[in-house]
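In structure tokens, the next block holds one chain alone, the form predicted on its own.
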Amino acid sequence: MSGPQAAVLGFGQTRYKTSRLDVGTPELVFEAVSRALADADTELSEIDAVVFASAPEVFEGVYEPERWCLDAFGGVGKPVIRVHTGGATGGSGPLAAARLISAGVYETVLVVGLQRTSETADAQAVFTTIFDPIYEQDVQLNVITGIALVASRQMKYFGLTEDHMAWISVKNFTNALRNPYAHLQKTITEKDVKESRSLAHPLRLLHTCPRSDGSAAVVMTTAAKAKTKAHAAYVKGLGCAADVYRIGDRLHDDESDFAIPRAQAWAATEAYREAGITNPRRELDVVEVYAPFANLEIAYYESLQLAPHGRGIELVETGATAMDGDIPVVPSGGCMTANPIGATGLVRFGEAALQVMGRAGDHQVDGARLALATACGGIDQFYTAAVLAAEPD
């Protein structure tokens, strides 16, 4: 990256729940922002601009929610930039902030993520009308059936089984028990997963993420300023990519291609190039991947170059991505245990920053110095990737 290197000074988040009836939406944002500023040892007066990351407005039930929450995140009198790339919004927010900092436009930027689907009855309509309205909507796909289609292809081409998916679910739920902010905090077994309610074959209830309300925030600044603070995480590489809209256009001669999202591979490759990473499997210490379904996490092992094409299940079979494995994935529990959609990518980014700062609490990975955070949205259409390090360039 040219220009000043960007860094993360602090991260704040709320507890995630199906509905936070105790606070209004601006108060929810205020919780996250207050915690981020305190964690960064930064005053609101030091913030030069705010990037507000929020997914479709129908999820909040309020048009332009950044206007509603302006006072709550300290945006009065400051430049405010709204970012929206569907589920990838939370990853696009810090990426935009880092580019603004590296370009010398602003020195210190606050990134705020929000999602409150409990406030509207219309959120499900987004998921049933997200596909191409001319060529694909009559197929009657939605998010669950669309991901089930991915899983069925993984089974056909790569040997994915219910055992593999159950292991991922148990791993992530177990990790979430260490995270006080996780939405779902319960002990489950592989038997529980296999006996949970069927949604769309082969997906079951415990293979999937919850619907969560919540907010998150990070304070970002230049590496030079970060060096004066007690702790920081440094942005080493960033990538983002978008794929074509229609699912049919992603299928070619090899029908397995839809099972492994190529746009995530494009985004990760760009982030690795910027960070100087040539062997992600060996160089990364921890990964916070945005994978709301168990089968997707395994697919992402391959698109992130943690496993060769078609061999993501081997990381499951060897336990490599467990907390005590050599490449822990979502030690926080990930979005299978908390998914405030528009903010989820920002949570992954913030959790990765905490890991390389050595401040992730009970779910800290020992010796983590280099971390990857991802986000995805739009039925495998938009992706971001960010590499964070314990030391500046």
Partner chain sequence: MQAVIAGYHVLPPEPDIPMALDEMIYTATSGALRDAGLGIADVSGSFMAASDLYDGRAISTMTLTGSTGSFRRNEMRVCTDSLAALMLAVADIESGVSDAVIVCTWSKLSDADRDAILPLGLEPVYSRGLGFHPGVALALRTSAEQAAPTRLAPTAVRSVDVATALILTRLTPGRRRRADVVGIGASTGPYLRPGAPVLAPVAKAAAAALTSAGRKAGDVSRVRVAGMQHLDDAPIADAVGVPVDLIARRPERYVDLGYAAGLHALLSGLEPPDSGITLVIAGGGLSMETAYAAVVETP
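Just so it is clear, the model here is predicted, and its values are computed rather than measured. Positions refer to the first chain, counted from 1.
Beyond the structure shown, there is the form predicted together with its partner chain, which is absent from this document and is the topic of what follows.
Student: Taking its partner chain as it sits in the predicted bound form, is Asp362 near enough to touch it, meaning that at least one heavy atom pair lies within 4.5 angstroms?
Tutor: Asp362: no, not in contact with its partner chain in the predicted bound form.
Student: Can you tell me if Val218 lies within 4.5 angstroms of its partner chain in the predicted bound form, counting non-hydrogen atoms only?
Tutor: Val218: no contact with its partner chain in the predicted bound form.
Student: When the contact criterion is heavy atoms within 4.5 Å, does Tyr106 count as touching its partner chain in the predicted bound form?
Tutor: Yes.
Student: Please tell me whether any heavy atom belonging to Phe258 falls inside 4.5 Å of a heavy atom of its partner chain, as the geometry stands in the predicted bound form.
Tutor: No, Phe258 stays farther than 4.5 Å from its partner chain in the predicted bound form.
Student: Please name which of the stretches 98-106, 227-235, 175-183, 155-163 has residues with heavy atoms lying within 4.5 Å of its partner chain in the predicted bound form.
Tutor: Of the options given, it is 98-106.
Student: Among Ile81, Ala320, Leu149, Ala223, which has any heavy atom within 4.5 Å of its partner chain in the predicted bound form?
Tutor: Here the answer is residue option Ile81.
Student: Considering Glu43, Asp326, Glu64, Asp366, which brings a non-hydrogen atom within 4.5 Å of its partner chain in the predicted bound form?
Tutor: Of the listed residues, the single hit is Glu64.
Student: For the heavy atom contacts within 4.5 Å of its partner chain in the predicted bound form, list the residues of 354-393 involved, in sequence order.
Tutor: Residues within 4.5 Å: Gly378, Ile379, Gln381, Phe382.
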